[in-house]
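Shown here is one chain on its own, the form predicted on its own, set out as structure tokens.
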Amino acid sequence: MVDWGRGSYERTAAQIVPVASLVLDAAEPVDGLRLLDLACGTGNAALEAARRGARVIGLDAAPRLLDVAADLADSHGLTANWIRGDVHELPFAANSFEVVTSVFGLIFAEHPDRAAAEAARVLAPAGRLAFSAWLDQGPMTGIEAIFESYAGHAADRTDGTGSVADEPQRLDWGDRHRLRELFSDYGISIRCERHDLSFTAESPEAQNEAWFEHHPLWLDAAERLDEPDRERLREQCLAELHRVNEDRSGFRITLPYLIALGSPV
């Protein structure tokens, strides 16, 4: 399991702030309603919901990120409650929230079916679920393929126990048909809208360095490799960033994603 408190995820969180507003737009109205932001990270969606008058709880497994979110709330004069918790086992009664949101958080659940079941369980009968998910297309697919090619290298250095009792499941959260199937099992009807988000940096080198030095996913991947493989991974990712760069005077990539809006049926 990735420790999202490692590194400086807040760097990436700052780049996806616009998505929080769109997720909240999809969930409106929220003023005065009980709202749970799942895998809230540094609080992008939770803070936006608080600005709009919601009664907010942000839940995340990483204590450091919750501390960052709490500091941001204080600095902006916003009120929210921050709880450490697991999206697979939410510490709330059924029907506790009129709105449940997640901005690129729920999609990292290791067991999507359990996370979907829990989100549906805590949602009130007339409530709304809104979350964002990356589409499995666009400039990041090459980076993902490179990472997957090194996954076998890391597996060769495991302890060899072969235990798969609680092996993480894989779900393409950007597949709207699969999302509808998943949430229909728990009484939630889902509809989706496609959007795009641009990531910018001074150069491909700057973006590559930011990911490898600060992003929890990159830190986790590098830790599983020996030094030669880490360097090869870094070099291949940089080459791919140069290949997909949309701004030759700097760096920009446009990433497609969807916003899913769900409600009980």
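Here the structure is a predicted model, which is why all the values come from computation and not from measurement. Start at 1 and count along the sequence shown; that's the residue number.
What comes next is about the form predicted together with a small molecule, which is not displayed.
- Contact check for W173, L179 and Y257: none of the three has a heavy atom within 4.5 Å of the small molecule in the model of the complex.
- Residue in contact with the small molecule in the model of the complex (any heavy atom within 4.5 Å), chosen from A80, L135, V87, A130: V87.
- Exactly one listed residue, out of Y150, F108, F92, Y186, brings a non-hydrogen atom to within 4.5 Å of the small molecule in the model of the complex: F108.
- Proximity of L197 to the small molecule in the model of the complex: non-hydrogen atoms within 4.5 Å are absent; the residue sits far from the partner.
- Although the partner is absent here, G58 sits far enough away that none of its heavy atoms falls within 4.5 Å of the small molecule in the model of the complex.
- At the 4.5 Å threshold, heavy atoms of V103 reach the small molecule in the model of the complex.
- Among residues of the shown chain, I253 is not one whose heavy atoms approach the small molecule to within 4.5 Å in the model of the complex.
- In short, of 236-244, 197-205, 222-230, 34-42 it is 34-42 that has heavy atoms within 4.5 Å of the small molecule in the model of the complex.
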